[in-house]
Ligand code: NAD
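Only one chain is shown below, in C-alpha cells, and it's the form predicted on its own.
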C-alpha cells in the first residue's frame, strides 16, 4: 500500500510528540524521516520511529537537547549534541559550518554524541543548497553490526559517509552510502515485510554468506527488532575497500571528534560526525567550476546504458527520480510495517484518525 507523504508526516510528528519531543522538534524529525522515504531510502525513514520511541523511553535519546559548543574558532567548531535528535542537531551543526565556510572559505565541524542522524545525504544537500562542497564521515558508537574484512565477529557499525558537490542547477552530485554492503535499515525494512536483501548481504555465525535477517536480529519477534540478538553480522561493501573506509569513518567521526569509537562497550547508541565544508568559489572561478562539474556529469550520463529504461545515472539522480514518483503516487509501506507503526502509535495514545488517515483502515 502506498500512503500519502503529508499524512505520514503528520502521524510521525504526532508519535514523536507523544513520546516527549516538543512540537517543532517532532515536526522537524518527522519531515527528515519522510523525506528519506520519499528519496527511496526507506531504511532511514519512518521504520525508525518505534526504535526512536524505545530510545526515548530508555533515556538514550533526549528530546529538546541543547547543542553545546566545546571549541570554536573562525573555521573550526566542536559541538556536543547531548544525545539529542540527530536530524535536529545534525542540521544545526551543518548550519554552523555553512556560516563559517561562507565567511572564510573553509569549515570543519566535529559533532559529538548525536542521536541517530538519519539520512546523511540530507546534510550534504543542506550544504550544496548553500553552494558549498561537503564531506561527511559518520560512526555509530554502541552499534556493532559489521564484521571487518577477513573476520566473522562484529567490530564495526554501518559507518556511512556522504559527499555533496553543487552543480549550479537542480541536479547536484550527492553520494550517500553506508560502508556495509547494505544499511542495517534495509534489513529492518525486509524484516518488516519489505523488499528482501541480497543473499550475500550478511554472514551467519559460521562466516557463510546469507540474506536472512535473522542472522542479525535473532529468532522470534521482538518489538522493536534488536540487531544485537543475532549471531551473524553484516558484511562491508567491496570487501577490504569498504572495510578500510568503515575503519576511517570510525577514526575520523569517533576518535577525532571526541565522540568515541566502538573499542569499548557503550551504554547507548549515538553518532559522531566529522563535516568538512568548502566554498569552491574561493579556489578560483566559481562559475567555471560549476560549468566543469555539469559538463562532466552530463558526459557520464550520456554513456550508453546497460538498461535504456533506467539510463546511466550519477549519485543523486535515483533519489530525485524516486522522490518525484513518490510525491505523485505515495510512499509504499509493507503491511507488517504499517501494523507495527499503528501499534506503536496507539500505544502512545495518538488519535485514531491520524493513524488510519496515514496507514489505512486495516492498519
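Positions refer to the first chain, counted from 1. Being a predicted model, the structure only gives us computed values, none of them experimental.
Heads up, the form predicted together with the named molecule isn't pictured, but that's what we're talking about next.
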- Heavy atom of each of 190, 227 and 336 within 4.5 Å of the named molecule in the predicted complex: no
- Query: Does the 4.5 Å heavy atom contact test between residue 151 and the named molecule in the predicted complex come out positive?
  - Reply: no
- Message: in the predicted complex, does residue 128 come within 4.5 Å of the named molecule, counting heavy atoms only?
- Response: no
- For residue 51, is any heavy atom within 4.5 Å of the named molecule in the predicted complex, or not? no
- Query: At the 4.5 Å heavy atom threshold, is residue 176 in contact with the named molecule in the predicted complex?
  - Reply: yes
- Pick from 259, 167, 243, 158: which has a non-hydrogen atom within 4.5 Å of the named molecule in the predicted complex? 158
- 235, 186, 112, 100: which sits within 4.5 Å of the named molecule in the predicted complex by any heavy atom? 186
- 291 to 299, 322 to 330, 307 to 315, 59 to 67: which one contacts the named molecule in the predicted complex at 4.5 Å, heavy atom to heavy atom? 307 to 315
- Sequence-ordered residues of 90 to 122 touching the named molecule in the predicted complex, heavy atom within 4.5 Å: 116, 117, 118, 119, 120, 121
